[in-house]
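Here's a solo chain for you in structure tokens, the form predicted alone.
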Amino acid sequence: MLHLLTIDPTAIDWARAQFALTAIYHWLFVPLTLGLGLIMSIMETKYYRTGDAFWRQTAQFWQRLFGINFAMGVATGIILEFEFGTNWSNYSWFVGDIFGAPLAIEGIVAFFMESTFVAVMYFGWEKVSRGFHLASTWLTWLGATISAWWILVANSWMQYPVGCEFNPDTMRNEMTSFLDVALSPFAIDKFCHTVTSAWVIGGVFVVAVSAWYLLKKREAERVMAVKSLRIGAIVGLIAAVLAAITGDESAYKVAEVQPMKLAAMEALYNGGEDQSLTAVAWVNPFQQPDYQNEAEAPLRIAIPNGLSILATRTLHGYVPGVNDLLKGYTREDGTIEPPAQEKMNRGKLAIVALSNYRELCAQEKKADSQELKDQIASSKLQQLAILQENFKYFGYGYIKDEAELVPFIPINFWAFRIMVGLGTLFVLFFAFILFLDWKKKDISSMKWLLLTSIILVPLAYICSESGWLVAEFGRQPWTIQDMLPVGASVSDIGSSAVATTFWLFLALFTALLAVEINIMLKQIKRGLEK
């Protein structure tokens, strides 16, 4: 694996850019699929319970919008998975036995499940019973949710690798416990937070479309708009509150297993006990701060002891900052976290030991005497002992400068605050709508509120994408946390090839997004009419 250090840095940048581009576009479709799927299922349930044709029409309307979005999500998702083989073949080889398992289950079980029942949902209204059709609608949404589960399990394993063991003979990480991978606490937190945030987008979207009908005074859709707005707001409020709760739990897990990410999110340069939670501070969005010489970000307004509570669940808990993580520190349980330079040195020892072990294996096959084989076997054991002793820091051996271990702080700092700020806004927005509804106020006459509802749609996506920016930028430079850096994960291919496909994908995905928006708007303008 030593040759991985010679990969063209430009190819690494283009591979990262292409994957980020695909992931960002893909995530424009996925949350609406999950959120709208839940809401349309609730509406069809009301049709099943009441037999009222109004609810059937309403469910069919939202299902049409769901289907358009669903198709676009499938198209971008397939490309995303292929990129693991084309652009990240070293990563795929190193951990394919683990990472590939949840993706395979997602494709074989969840994707086929939702693909099967989505056909019944669209074409089975007159062909199956109301109960079976309702079950198909819920199973379509459940299949999409299960699909998200397995994809998030795979992503969470990259953030918190568990249930695996490195095999020096195959040069691969191999799974030792499927349950540890599938039921990782990090995966559970990420799934709950991600899915509930997707429900928020579904709620915002339904409220916005309903608000548009009320603004246009479309009498044919007026009743549908009022009732859909109510359901969208209820789902949105519950989801926003759940997203806040699961987000808090997710942040606690990040503090435990990815402390550098938390330090970047908070622009915390020097940690300690009784740490305050930053509400706002001036962090230059375009420049990495001088964290070695700055005590804290300027113009900082903070909540006393808030970060200690968030990260340790205690009022006076110790939270390490960027410099503590680079220089080494003592954890609250008394264990010593070594400095970054020591980790890098030990990582290099592990890499050299692995290389020596592989060479000794080759020599052993060619040895023509038992005595020589015994000597080689003894040397192999020595190298294995060195490898096992230092393998925890294997990935650090590829790091050339400890500054690489610090993610770009401005993106993490501001993306986190955008996510939290907009999430709070959605809680207040949905609560206000439901309060007005409870008071029997005529929302259709409040033009400012209806316009606000529409404006919040792009803000909901900004909030969701900001969360992913924190999740992925915060773990840099790692593809797999503390195990494999990005520079050692890419395929050894020319940068020009990746750059060319980057621009092709940009054009393709932009066209797909434009097509989806166009079709969506046409369907919304048509309204209940088929």
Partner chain sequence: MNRIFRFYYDGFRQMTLGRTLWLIIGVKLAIIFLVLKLFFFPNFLKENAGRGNEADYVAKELTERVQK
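Model, not experiment: these values are computed from the prediction. Positions refer to the first chain, counted from 1.
Note that the form predicted together with the partner chain isn't included here; everything after this is about it.
> Would you mind picking the one in Y461, F473, Y48, F505 that has a heavy atom within 4.5 Å of the partner chain in the predicted complex?
Of the candidates Y461, F473, Y48, F505, F505 is the one lying within 4.5 Å of the partner chain in the predicted complex.
> Only one of L469, L38, I68, A499 gets a heavy atom within 4.5 Å of the partner chain in the predicted complex. Which one?
Among L469, L38, I68, A499, a heavy atom within 4.5 Å of the partner chain in the predicted complex occurs only for I68.
> Tell me the stretch among 452 to 460, 239 to 247, 216 to 224, 122 to 130 that has any heavy atom within 4.5 angstroms of the partner chain in the predicted complex.
The contacting stretch here is 122 to 130.
> Check R64 for me: does it contact the partner chain in the predicted complex (non-hydrogen atoms, 4.5 angstroms)?
Yes, contact at 4.5 Å.
> In the predicted complex, does Q57 have a heavy atom within 4.5 Å of the partner chain?
Output for Q57 is no: heavy atoms all beyond 4.5 Å of the partner chain.
> Spell out, yes or no, whether the shortest heavy atom distance between T170 and the partner chain in the predicted complex is within 4.5 Å.
Result yes; T170 sits at the interface with the partner chain in the predicted complex.
> In the predicted complex, does G232 have a heavy atom within 4.5 Å of the partner chain?
Looking in the predicted complex, residue contacts with the partner chain do not include G232, since no heavy atom lies within 4.5 Å.
> Relative to the partner chain in the predicted complex, which residues of 486 to 507 have a heavy atom no more than 4.5 Å away?
Contacts from 486 to 507: G487, A488, S489, V490, S491, D492, I493, T500, T501, L504, F505.
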